[in-house]
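Heads up, the chain below is alone and in the form predicted on its own; it's given as structure tokens.
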């Protein structure tokens, strides 16, 4: 696959102009031929979201490099053209928010966008200031979802977010954790707060959240966003040394990325997984996982057994 970073700037700009001309609100004809996107309802509202979104951790932290920013904008264009909606970021992610804003500016801020960000600052009093700076960097009128990142000062920040939601300045409220940290406290907050979303790490080898967090989210009517679905690419690189099982075709998987994503989003509690990439072909490959049948419970067990035996 050709990495978008290897394209020269003229090629990237040509790609952006060409894809914008065919429209960003609808999937491409090739995507349409694979059938509709698999979507899940947000439990607190019923709003439907595609089960694959776009993360920005590390990948969109490209600073002022204009060519790299154009590459990220091209990835966003391909994502929207394939029917994607949720883009997730955080003040923790370096220049990612600004780069997202750059891309949205080029694309005219697609109406399909489901803008998802976080508050991540130790001072509860400075939370509103950080949120406003994040909104300015994105260039959006408001966020759809804001989350307390890794539970930092969560008591104060949740008060701010719930007040914003009550005032109509925010649609959804959530909390996040990553790499299995603080699950006990995370579950306690889920039981005590009227959250719309939780964001956790989950993949075919990191399944701790299946025991407590995912069932609790279903019981409490909370959407689940999955981060680190590929362990920052380490999982796909590991799997690509081995053959994809022939029976993966039964769920329309032609690549390991699709196999791994379909395992995640087939869990009934999961609303959306957010793989991050700077590669146009990879974002299309990821979005392909939101088409066709999802594995049932028997297939999920078969997938786990196959991967654990490698």
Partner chain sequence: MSEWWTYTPSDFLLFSPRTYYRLIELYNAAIWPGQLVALVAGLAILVLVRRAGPSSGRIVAAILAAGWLWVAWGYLFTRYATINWAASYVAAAFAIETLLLAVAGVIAGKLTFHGGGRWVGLGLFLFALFIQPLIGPLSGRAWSRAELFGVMPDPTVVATLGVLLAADRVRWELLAVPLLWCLFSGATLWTMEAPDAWVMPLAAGLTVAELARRRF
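Please read these numbers as outputs of a predicted model, since none were measured by experiment. Residue numbers count along the first chain shown, from 1.
Below, we turn to the form predicted together with the partner chain, even though it does not appear here.
Only one listed stretch (127-135, 159-167, 196-204, 90-98) carries heavy atoms within 4.5 Å of the partner chain in the predicted bound form, and that stretch is 90-98. Only one of 38, 244, 58, 48 lies close to the partner chain in the predicted bound form, with a heavy atom inside 4.5 Å, and it is 58. Note on contacts: among 81, 236, 153, 150, the single residue with a heavy atom within 4.5 Å of the partner chain in the predicted bound form is 150. Candidate site formed by 171, 210 and 302: none of these residues places a non-hydrogen atom within 4.5 angstroms of the partner chain in the predicted bound form. A residue is said to contact a partner when one of its heavy atoms sits within 4.5 Å of a partner heavy atom; residue 191 fails this definition for the partner chain in the predicted bound form, lying far away. Residue 120 belongs to the set of residues with a heavy atom inside 4.5 Å of the partner chain in the predicted bound form. Remark: residue 67 counts among the residues lining the partner chain in the predicted bound form, judged by a heavy atom distance of 4.5 Å or less. In the predicted bound form, residue 258 stays away from the partner chain, with no heavy atom inside 4.5 Å. The partner is not shown here, but in the predicted bound form the stretch 167-192 reaches within 4.5 angstroms of the partner chain through a heavy atom at 179, 181, 182.
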